[in-house]
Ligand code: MTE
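Take a look at this single chain in structure tokens; it is the form predicted alone.
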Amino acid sequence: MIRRPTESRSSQDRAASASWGKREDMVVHGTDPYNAEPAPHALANGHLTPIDMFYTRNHGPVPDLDPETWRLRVDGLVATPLELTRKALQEDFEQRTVTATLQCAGNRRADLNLVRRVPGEDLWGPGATSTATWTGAALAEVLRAAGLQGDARHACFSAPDLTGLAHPPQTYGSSVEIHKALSDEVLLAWQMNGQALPAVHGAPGRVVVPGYIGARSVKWLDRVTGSLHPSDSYFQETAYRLLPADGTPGPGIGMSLGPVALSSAILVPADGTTVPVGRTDVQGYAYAGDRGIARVDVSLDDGATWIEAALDDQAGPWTWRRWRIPLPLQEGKARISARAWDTAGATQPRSAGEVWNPKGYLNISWARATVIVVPAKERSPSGPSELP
């Protein structure tokens, strides 16, 4: 028997969420460092994710940084190294706002763990995906102001958060290819949803790289380096890499993760919940990074037949697409499947077993939810049930 997550939260989890300005019903995967995602139903309420329920992925303690003394250094393959205060960043460069979805590479890892154990990793559900408006300066403009040299091939990011995941412990680092760094949508951000960037989300400043896995949108950014080579950080060389099923993590092993892959999720009804007989409004999201979502199909018979869901308007070119469909559910156990198609004609593989990997990254398989359908008077008010 598989026991599904319940709505109950420990007092420690609730206290940790409150201390970072998060809702008490966040699904907490760790309190030190704090890692949490919103419950699926909470994500179904709008295109933008409120800050108090935006997922949080940290590799070490949140650093205590003073915005007045914070500096961003721009160096490496540049003609004129810069050291920018936040005031200079805000006043010397054009302010831009981009609406973008961020997604953890481990989103929906819990489903992969049901196929085969993924040791040592947080078992994220579908909530490690959130969307916000980000305001800041274009990274491209800052690099050009520093006189980025033509032979630069990568923009490397450094931050002061110290993590023991690397041996020996090291601060966080990552990088993206220079063509992406020079794209207009990549920001050095200081605002989120029109508010000052919270500490847990990277204040005083962070980079936001739309269309790439969340690990490349480095928080608490203190250095950008033009380089011939990718970052030599553990998180670029070893951690965020897609291994073959029989692979062992190591420097340079596997494929370095960058652009997100096509994915989708069912948010309502959540897996393991009890719903009444009759019409049920099924809702979810689909996301493909810099590619649009063309269609979402939903099935009640494990893919033998499909019904096309209605797509909401997309909030911007770098955001998820919300979808919904009313389904008539009959008494018993209903197994709902969903698959998305992107504008390149790609769709999702059927089985999580097809994409299992030792780090549990990029679960791009069909989204699935199994619910118990009962007469309305028997519906449990307590939320999720145990499923055999």
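Sequential numbering from 1, following the sequence displayed. Remember, it's a predicted structure, so these values are computed and weren't measured experimentally.
Keep in mind that the form predicted together with the named molecule is not shown, yet the notes after this line are about it.
Colleague: Though the named molecule is not shown, can you say which of 296, 159, 267, 288 has a heavy atom within 4.5 Å of it in the predicted bound form?
Modeller: Here the answer is residue option 159.
Colleague: Just one of 178, 84, 242, 200 has a heavy atom within 4.5 Å of the named molecule in the predicted bound form. Which one?
Modeller: The option sitting close enough to the partner is 200.
Colleague: For the interface check, one of 224 to 232, 136 to 144, 101 to 109, 259 to 267 should have non-hydrogen atoms within 4.5 Å of the named molecule in the predicted bound form; which one?
Modeller: Among the listed stretches, the partner-contacting one is 101 to 109.
Colleague: Using a 4.5 angstroms cut-off on non-hydrogen atoms, would residue 76 count as touching the named molecule in the predicted bound form?
Modeller: Residue 76: no, not in contact with the named molecule in the predicted bound form.
Colleague: Can residue 131 be called a contact residue for the named molecule in the predicted bound form at 4.5 Å between heavy atoms?
Modeller: Close contact is absent here: in the predicted bound form, residue 131 is far from the named molecule, nothing within 4.5 Å, heavy atoms only.
Colleague: Decide whether residue 214 counts as a contact residue for the named molecule in the predicted bound form under a heavy atom distance cut-off of 4.5 Å.
Modeller: Contact check for residue 214: yes, within 4.5 Å of the named molecule in the predicted bound form.
Colleague: Although the partner isn't part of this model, could you tell me whether residue 206 comes within 4.5 Å of the named molecule in the predicted bound form, counting any heavy atom of the residue?
Modeller: Yes, contact at 4.5 Å.
Colleague: What residues, if any, in 41 to 67 have a non-hydrogen atom within 4.5 angstroms of the named molecule in the predicted bound form?
Modeller: Counting only heavy atoms within 4.5 Å of the named molecule in the predicted bound form, the contacting residues of 41 to 67 are 54, 55, 56, 57, 58, 59.
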